[in-house]
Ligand code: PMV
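Below sits a lone chain in structure tokens, taken as the form predicted on its own.
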């Protein structure tokens, strides 16, 4: 028996960090995917193989993540355990993860891998709805990001362009983003989302008034961006992206490398650009005109790809 499912990468356009404090955020699914292939094994173990290596855990231990807290696949093992608990079916499973976008770079790899795993194992052992995939993925994300907002799991599950606030997910009208096109640049600097989230939390506790002001600015940028999307105003939307990067710089989650990539993209024709995700490293996303992509030599030292908005979220392929 074999089941395959895939889930898209994601990028946050507006509202990262502040979304966990109740402010709205907008994120997009990207045209890059992670694929999970699940097969039954007779060993009574959950066994996972990915670009991070190989892990194995017996069925008697998979429901207690404290027993494998240092395992690089802990959220994948926990995702499989969640499916088995939901379906009340326990069996050994081999899970192979293959990705066409990098891990640890702010593109939602942990959420995408958990979503794909849940859908794959769910298809192998029974049936799991999309809403259940989302819920189980958020539970698994807590092992990785401590206090996730749920936005990564939402985008990887449902696809499209998503407005997220206070745990509520709203898929935006396709007409708002039908011509939206991005260039994503990988800085090559690995990030630690949990550490960056804790840094921002400490900043909020030590400078409450400034943090509240930045949170309010983030909400205003998000709402203005929704208006610009509704009007099809790509130039204004790009300006707002760049302003959002400036806000994240003030928050202390950017650095010279990320700022330099933003500058290079703007200098070479992008409407706007910003870091995406927790910051400290990872990727820059820019809004571009499909016919005016920045010349390769401007970013030749970095891995790049272009993408529209991926309409489909998680897909069960077999």
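These numbers come from a predicted model, not from an experiment. Numbering follows the first chain given and starts at 1.
One more form of this protein should be noted, the form predicted together with the ligand, which is absent from this view; the next part is about it.
Figure note: of the listed segments 179 to 187, 102 to 110, 229 to 237, 124 to 132, the one touching the ligand in the predicted complex, with heavy atoms no more than 4.5 Å away, is 102 to 110. For a residue to qualify, one of its non-hydrogen atoms must sit within 4.5 Å of the ligand in the predicted complex; all three of 10, 19 and 277 qualify.
Residue 197 is the only one of 225, 214, 197, 162 with a heavy atom lying within 4.5 Å of the ligand in the predicted complex.
When the ligand is considered in the predicted complex, only one residue from 151, 140, 241, 93 comes within 4.5 Å through any heavy atom, namely 151. Within 4.5 Å of some heavy atom of the ligand in the predicted complex lies at least one heavy atom of residue 147. For the chain shown alone, residue 218 is not a contact residue for the ligand in the predicted complex, no non-hydrogen atom being within 4.5 angstroms. Contact annotation for residue 191: at least one heavy atom lies within 4.5 Å of the ligand in the predicted complex.
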